[in-house]
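Single chain ahead, by itself, as structure tokens, in the form predicted alone.
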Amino acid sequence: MRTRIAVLVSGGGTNLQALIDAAARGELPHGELALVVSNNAEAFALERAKRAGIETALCLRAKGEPRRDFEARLLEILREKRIDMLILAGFMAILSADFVANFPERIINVHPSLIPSFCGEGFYGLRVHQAALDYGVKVTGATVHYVNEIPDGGRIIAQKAVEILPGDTPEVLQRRVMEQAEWILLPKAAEEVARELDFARQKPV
């Protein structure tokens, strides 16, 4: 039985699409994209999932709602769907240590820089690429890592460097990092982790 994967998204879902495309090419043999969950009802990622025949769910956090209540509902959804592994693909919510403890080394995230550069709380989206340009680094990239209680602090699974070119804007650099690093790394790392979990389930106790 393949590892059941839930992808958590908040926006357009370009990394989700990379996973969908990889699965269609047979590059995710140990993982099943079983569920896409969003905390944003307008996320285009939900449409991508529906087009691919993947079940979707909404888990919205009301203004002022305690994070523990939001996470309890999210956990209930994941347990109901028998999810083994989570992929954060542009999920704009920081998960608590209590939540992460339910999936030890079963949650992975893709971050658009070479961690430990330009990462941690407050570094997301175009902010990451603007920071790289402001600092003047010549190379950036993407990192896939396990998620723990520290934002972008979990063990690194894979990294890929991307060159910064003269005249780059945050938007241009963001696109290059996605095309040359994120969309390549994330499916490969997902399969690696799914395979490890699949093998672990088959080991005799």
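Quick caveat, the model's predicted, so the values are computed rather than measured. We number the residues from 1 along the sequence you see.
Missing here is the form predicted in complex with a small molecule; even so, the following discussion is about that form.
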item	value
Contacting member of 110, 86, 78, 95, with respect to the small molecule in the predicted complex [4.5 Å, heavy atom]	110
The small molecule contact at residue 187 in the predicted complex, heavy atom, 4.5 Å	no
Interface membership of residue 178, the small molecule in the predicted complex, 4.5 Å heavy atom rule	yes
In the predicted complex, residue 125 touching the small molecule (heavy atom, 4.5 Å)	yes
Per-stretch contact check against the small molecule in the predicted complex, the hit in 100 to 108, 87 to 95, 67 to 75, 130 to 138 (non-hydrogen atom, 4.5 angstroms)	87 to 95
